[in-house]
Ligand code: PHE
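Let's start with one chain on its own, the form predicted on its own, as structure tokens.
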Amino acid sequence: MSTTVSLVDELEQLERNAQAELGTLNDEAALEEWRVRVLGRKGTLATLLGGLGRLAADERPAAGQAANRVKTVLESAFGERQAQLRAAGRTQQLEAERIDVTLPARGYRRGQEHPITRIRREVEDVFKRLSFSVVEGPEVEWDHYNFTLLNIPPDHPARDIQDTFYVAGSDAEGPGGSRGVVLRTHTSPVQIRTMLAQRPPIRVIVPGKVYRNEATDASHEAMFTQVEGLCVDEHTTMGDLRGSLTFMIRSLFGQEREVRFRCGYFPFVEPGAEFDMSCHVCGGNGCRTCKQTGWIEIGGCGMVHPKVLEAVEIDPARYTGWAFGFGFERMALLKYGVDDIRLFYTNDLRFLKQFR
């Protein structure tokens, strides 16, 4: 056997053995050791190639071609295996860092409506069914709208009924030549603004915050929320007022509830009344909630005073109107059996979570 055949056989044997070993390597350190040992300057392949010089001249081309082919194959195999190991390493790293987006997200605690907001929306829904619109207005208001146009001029004793917060430094002349800016004591000034802005027929309810200098206790707060209703049209009567309030009370507290009117004084209505509902706890038989009377006071109401209509340039000879007002907190106290108005605004989650 010639030396050429022997060298070619050795090269082919090296190719087979080296590729078989290469397939078993699973880390880059072992792969680098294989490269140095097989393909390095003093490696197995280099040692075999050193034997080319001892061949006869006519044998060298065939042996050289075989050597180049083996070197190319092994270098290519080394590169592929190196790429495979590096890709596997990246895959392992990615797997370690992977976020499983198929898992359910961490849950968020679900909130719920504040009890005052819930009552407000229930009342708004009732009156929307009666074709009333919901309107809002400024909480910082001119004295002229808050008092004067509601038949409560500066020297009227009714101003003493509402201990008012006046805004310091508000001496600029306002509408009608009046002076003074207040935190509104009721939402009635929005009724005035509505009547000044549009002509009858008018059907609106006015929810919002109001402010009074109250001594805070279980049934009083310096800030509370109120809703007022206003209807101005031809031939509207106190019977319409009673029917609307009865519809609202029964929608909120049950169809068996009854409504009664008692005489009451408010400067901006004539005649004026307080309206009560039959106790929803005892059914009118008398209990602690209704103080053994069978009735629970809800709010005030009455026919819009002719002077108020005249002040907003609505002819009281042609149009009549009625209005009512009550606090959302009082309705919430009754509906949810709460005994302290301050609980609604202390932000105690133990209390608020009860209204899910």
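Fair warning: this is a prediction, and the values are worked out from it, not measured in the lab. Heads up: residue numbers just count along the shown sequence, starting at 1.
There is another form of the same protein, the form predicted in complex with the named molecule; it is not shown, and what comes next is about it.
> Counting only non-hydrogen atoms, which stretch in 38-46, 64-72, 25-33, 318-326 is within 4.5 Å of the named molecule in the model of the complex?
Answer to the contact question: 318-326.
> Just checking whether His144 would be counted as a contact of the named molecule in the model of the complex - the rule being heavy atoms within 4.5 angstroms.
Close contact is absent here: in the model of the complex, His144 is far from the named molecule, nothing within 4.5 Å, heavy atoms only.
> Does Arg212 reach the named molecule in the model of the complex if we count a contact as any heavy atom within 4.5 Å?
Yes, contact at 4.5 Å.
> Do Arg120 and the named molecule come within 4.5 Å of each other in the model of the complex, heavy atoms counted?
So Arg120 does not count as contacting the named molecule.
> Quick one: does Val269 come within 4.5 Å of the named molecule in the model of the complex, counting heavy atoms only?
Close contact exists here: in the model of the complex, Val269 approaches the named molecule to within 4.5 Å, heavy atoms only.
> Of Gln84, Gln162, Ser251, Thr236, which residue is found within 4.5 angstroms of the named molecule in the model of the complex when only non-hydrogen atoms are counted?
Flagged contact: Gln162.
> Can you pick the one in Ser278, Ser244, Asn151, Gln226 that has a heavy atom within 4.5 Å of the named molecule in the model of the complex?
Here the answer is residue option Gln226.
> Where, within 293-319, is there a heavy atom within 4.5 Å of the named molecule in the model of the complex? Residue list please.
Residues within 4.5 Å: Gly300, Cys301, Gly302.
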